[in-house]
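Given as structure tokens, the chain that follows is alone and in the form predicted alone.
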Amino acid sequence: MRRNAERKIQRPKKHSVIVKSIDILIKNGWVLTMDPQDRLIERGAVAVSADRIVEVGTEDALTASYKAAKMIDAQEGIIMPGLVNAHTHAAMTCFRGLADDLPLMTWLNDYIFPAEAKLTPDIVYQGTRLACSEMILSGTTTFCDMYLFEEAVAQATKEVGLRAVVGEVIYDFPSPNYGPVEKGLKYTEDLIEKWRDDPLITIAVEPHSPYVCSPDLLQKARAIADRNGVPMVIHLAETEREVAEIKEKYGRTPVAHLADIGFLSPSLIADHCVVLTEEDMMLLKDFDVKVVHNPESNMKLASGIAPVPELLRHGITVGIGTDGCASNNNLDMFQEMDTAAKLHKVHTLDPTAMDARTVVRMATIDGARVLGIGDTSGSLEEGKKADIIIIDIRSPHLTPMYNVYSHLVYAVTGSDVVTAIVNGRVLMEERAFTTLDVDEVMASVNRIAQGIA
């Protein structure tokens, strides 16, 4: 017998790495997830298959696990959820600069309403395409629209590839689109039916405001929304004049008036909410109404400053919107974030008010929650829709970077966005559009502007 018998050598087992095929892998960037843990992944990556995110993690882990049909190098930039413009009137790009430096009611009654009386589906279609171009270039991937001829808005948005909540504005006087209000309600229901279950377009019921909509109309609008399970959108408590008018007519503030007629609900998106009492804020909280802050429009029209820090302290979900280009005059959500943060600091004389992280949340995940899509968009998480933007930080005004949130709110501009993806589809890469000819779009709107002028 051999003194040193042969021993069987135990070799380590080889574990085969299963590499999955995906459509897009975005790598080499700071991944700002906006998930419940607020994860920020240095040298991170995002894997996308079809219209959804399949994994978010480190670049090393994801490049080892996936084989992508398309690889996008973020060049050490910021990979983040696309921005949510929670209130605008997209086709009003055609009226950009038409009637500036006027009070709201003068601006609305003497200029905007008369100009809108001449609108056509084609004007709205072309104006919406221009708005979509502007929003893609500045990092917005989802918007909420209230305007006329919204079928044209939905069609233009769908063709370009953005995500949107859209609805026909309804009020007690005849519309240049549908005529009498009864037809406006039917038009809305027809839109809901036509676009039901569309992957990009959601239809909302959108009475303009308490001062141009009777209680009967508002209750009918609520019934349509409830019956179809869709959101409602309304301008609410935008000016002191509006509040005084509603108080004189109904004996209550606009918010209390809507509560009294049974209009407030968790599916209601209330735009502006500038002039609020403590009781108003309690009602908004009790009914889980969502609010959209439009700081630049409210500043330009001298409507006032919405009590956003107080709304947030009450636990009310608040998003950010640009409003339309006739009262802003752009759709750059990064500029809107910067304004929102600074406005409340100077208004409260508190430099800690509206910190950068809070404002970024308002423009992403909280904006998605306002629109009722927070479960599917607004953050970079496994299973959510792939609505993603990339920001190039290789610029003097973005060097150095100590805090990503501060950079996004106080330093980044819309022109720093280089890539935009919506529903897994690349709409812009390295500032080049893939779904539209922006020169043709601008030429079309310039022709329309000649007629308006």
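Numbering starts at 1 and follows the sequence shown. These numbers were taken from a predicted model, which means no experiment stands behind them.
A second form of this protein, the form predicted together with another copy of the chain, is not displayed here; the remarks below concern that form.
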| item | value |
| --- | --- |
| Contact label in the model of the complex: N330 to another copy of the chain, heavy atom within 4.5 Å | yes |
| Contact of Q37 with another copy of the chain in the model of the complex (heavy atom, 4.5 Å) | no |
| 4.5 Å heavy atom contact, H407 to another copy of the chain in the model of the complex | yes |
| In the model of the complex, G383 touching another copy of the chain (heavy atom, 4.5 Å) | no |
| Interface stretch in the model of the complex with another copy of the chain - options 77 to 85, 181 to 189, 299 to 307, 116 to 124, non-hydrogen atom within 4.5 Å | 299 to 307 |
| Contact residue in the model of the complex, chosen from V418, L62, A68, A411 - any heavy atom within 4.5 Å of another copy of the chain | A411 |
| In the model of the complex, the residue from G229, G251, G97, G315 that sits within 4.5 Å of another copy of the chain by heavy atoms | G97 |
| Stretch 355 to 379: residues contacting another copy of the chain in the model of the complex, 4.5 Å heavy atom cut-off | D355, A356 |
